[in-house]
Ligand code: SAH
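Only one chain is given next, in C-alpha cells, and it is the form predicted alone.
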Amino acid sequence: MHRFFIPPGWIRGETVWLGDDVAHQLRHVLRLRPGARIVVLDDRGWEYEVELLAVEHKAARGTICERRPAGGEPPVRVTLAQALLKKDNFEWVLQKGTEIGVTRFVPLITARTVATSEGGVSATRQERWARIVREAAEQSRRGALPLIEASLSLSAALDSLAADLTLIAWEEERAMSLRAAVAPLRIAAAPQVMVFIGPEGGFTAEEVAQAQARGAVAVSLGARILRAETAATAAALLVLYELGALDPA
C-alpha cells in the first residue's frame, strides 16, 4: 500500500482528511478511487490503514481501518552532519541517508564549503529538502521523518549536538577505522552516533584537530578517496551495520 506522512491534525476521530498535495497524488498520479486503501503516518509513532471514501481534485477523505505502531526505525540513532555540497549532491545525501536510516541531518558550513552564501540556506531550499526526505521516508517504509536542522558552523555543531560517539571522517587518518571506533558501542542500548563528513575539498587539519579537542574520533573510510556524498552514505551505512541496525527485524 502507498504510504503518506501527514500532519496529525488531519486525523479526526476515525476520519482522515487529506489535503491538496496528497489528494492530487492519489487522484492524478496513482489514480486511486474510493475503496482503495493507503497507509498514513502521523510522525508520532503511529501508522493508520485507511480506506478511501472520497477522492476529489483538492481533497480526499478516508476512514481508519486499523491503527498500529509505526515500524521501520533503526535502534541506532545516527546524526549525519554533512558539509553543504553542490545542490544535487547534497540532495542525494538526504535521499539516500533517509533510505538507509539516518535519524537527523545537520547541514554544515566549513572552511572549504563553497555551496552556500553569506545569507545561509534559503527557505525555498529547506522546503525542497523536507520534501525530498518525506518522499524518501515514504518510499523506504520509515516510521518517522528524519529531522533536518538549521545549518551550523562546525564549531557550533560540535558545541551544541551531543551523542554517545562522535566521528569525523578524514582522508589523512591512517590508524583508526570506523569499525574499531564504534566497537565499544556494540553492547549499548539504542546508541546515538554523530558522523561528520566534509565538503568536496574535505576538512582542514585544523578543523579535525578542533573536533578531536571536543571529543570526536577521526576515522578512516578506507584506502581510497571517496567523493563527499559517497563518504556520507558509506559512513552512515557502516555505523548502522556495525551496530546491528541492519539485521532483519
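Keep in mind it's a predicted model, so treat the numbers as computed, not measured. Numbering starts at 1 and runs along the sequence shown.
What follows is about the form predicted in complex with S-adenosyl-L-homocysteine (SAH), which we do not show.
The stretch in contact with S-adenosyl-L-homocysteine (SAH) in the predicted complex, judged by heavy atoms within 4.5 Å, is 190-198, chosen from 24-32, 37-45, 190-198, 50-58. Proximity to S-adenosyl-L-homocysteine (SAH) in the predicted complex, defined as a heavy atom within 4.5 Å, holds among 106, 100, 76, 169 only for 169. Only one of the listed residues (221, 211, 181, 70) places a non-hydrogen atom within 4.5 angstroms of S-adenosyl-L-homocysteine (SAH) in the predicted complex, and that residue is 221. Taking non-hydrogen atoms only, residue 11 never approaches S-adenosyl-L-homocysteine (SAH) to within 4.5 angstroms in the predicted complex.
Using a 4.5 Å cutoff between non-hydrogen atoms, residue 202 counts as a contact of S-adenosyl-L-homocysteine (SAH) in the predicted complex. Although the partner is absent here, residue 16 sits far enough away that none of its heavy atoms falls within 4.5 Å of S-adenosyl-L-homocysteine (SAH) in the predicted complex. Interface residue remark: residue 226 is counted as part of the site for S-adenosyl-L-homocysteine (SAH) in the predicted complex, having a heavy atom within 4.5 Å.
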